[in-house]
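Quick heads-up: the structure tokens below are two forms of one chain, split into structure 1 and structure 2.
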Structure 1
């Protein structure tokens, strides 16, 4: 019984990791450009469909690399032709814009692939179980957690140990000073949007073997990612990380206790309690910083 509960906790932690991948991108785009990207969940869905299309030609690991790259190219086009008109404007405008983009992506996928859920086979190399004494866990789920940790660590290193990251963080804190120094934020905005969307697509590819692929699969994930951003505090890297793990553990605990039907309700209650105690989120005092 205890081992089953631990297994569900680990599954919840797994959910927390891919909420984290999506929420980090959301927080980055909003912090730097002021864009509330409601299309983030749609790019998660696009990543899953790209895995479905690419895998027969280049395999799962090839799809894990090429799929996010395709999503990043689409993100750059979206940023260049649409987002640039809404930077630092009222977030309501970008909210309406990205809602429309999400609808276009979902309806395009529905038109081309149909609404019937598709199954995606788990890669042969990652099938089976990992034995740790009496505890047995899925090898693929362990792989997913490992990839998520690597991606999140890479984002942290990029933001905190590179010249690119220093300019991005300076742009978040005070874009006007960067302008007076002659540094244009435009290329950095494009890069940040591309990285954020690529990470969402990575999460989509990784989740493809674990759930049916359908055009609306990004809605629940996108909603949960917004909850994570709100709980963690906008603009806070560690706030998002802590909130995602907390949300995942709460969800896993509810399922482990046999209350899976209330797992999402528990997450929303968690958000309510956090906002009641800390209206800016767990690390909301750093709302203008991303470190």
Structure 2
């Protein structure tokens, strides 16, 4: 019995990596531009549809690379033509804007592909199970976690160990001084939005074999991502990582205890408790813009 419960916890922990992938981009866009991107889930959906369209031509692994690149190009266009007008404005405006973008993406997908859910087959190389003692896990999910770890580590290295990251972090702290130094933040903003959206699209491609693809699939994911970001603290890298693992753990534990119908409730409860004790989330910093 204890063993079963432990394997549920482990499974929850592994689930967390998937939440991490989606929440990270959301947090990135927010920290730099102060934009709460409600369209994040829609880009996740777009990633899944890109997988559907690209796979027959370039295979699953090709789609895993090209799909997010296409999403990144769209993200740059979106950033250039829309986001720039809303930086440092009341976040309410960007909320409305990104909500609108989400609806446009969703309706376009519905219009082009229809509302009927579509099937996507798992690549044969990744089918099957991995046995770890008594714990059995799917090979595909091991792959998913590996991709998540690589992506999350890459983002960390980019932000903390490169010149690019230094400028971005400086931009988060004080965009005006950066301007005085003669560094234009604009290309960096575009790059960050592109990276954030590409990660959402990677998550979408990775989810395609595990779920039916339909225009609304991003809504559920988007909600989960917001919960993770809020628990972790807006704009905090490690906050997202810890919160994602925590959300996974809580969910796994609830199902392990035979209380699956309360698993979603438990996650919202977790958010409630965290916000009650730490209104800025676990590792959230003061954000002067909103105070």
Partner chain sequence: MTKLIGRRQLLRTGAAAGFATLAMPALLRAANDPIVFGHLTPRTGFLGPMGEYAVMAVDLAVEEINAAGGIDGRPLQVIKEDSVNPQTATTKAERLVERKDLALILGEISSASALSIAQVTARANKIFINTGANSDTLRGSDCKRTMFHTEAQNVMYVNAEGQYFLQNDLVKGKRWFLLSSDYAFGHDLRKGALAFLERHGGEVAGDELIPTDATDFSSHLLTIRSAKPDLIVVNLAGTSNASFLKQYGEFGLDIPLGGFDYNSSIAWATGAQDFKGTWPCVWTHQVQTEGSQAFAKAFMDKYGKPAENQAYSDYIAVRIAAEAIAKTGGTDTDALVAYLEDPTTEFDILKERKGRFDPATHQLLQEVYAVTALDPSEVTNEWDIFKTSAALPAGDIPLEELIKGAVGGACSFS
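Just so it is clear, the structure is predicted and the values come from calculations on it, not from any experiment. Residue numbers count along the first chain shown, from 1. Basically, rigid core = biggest C-alpha set you can superpose within 1.5 Å across the two forms.
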The form predicted on its own: 1 or 2? 1
Superpose the two forms on their rigid core, then report whether the C-alpha of residue 233 is displaced by 2 angstroms or more between structures 1 and 2. no
State yes or no: after fitting on the rigid core, is the Cα displacement of residue 245 between structures 1 and 2 at least 2 Å? no
If we fit on the core, is the Cα of residue 257 displaced 2 Å or more between structures 1 and 2? yes
Angstrom shift of the Cα atom of residue 13 between structures 1 and 2 (superposition on rigid core): 3.1
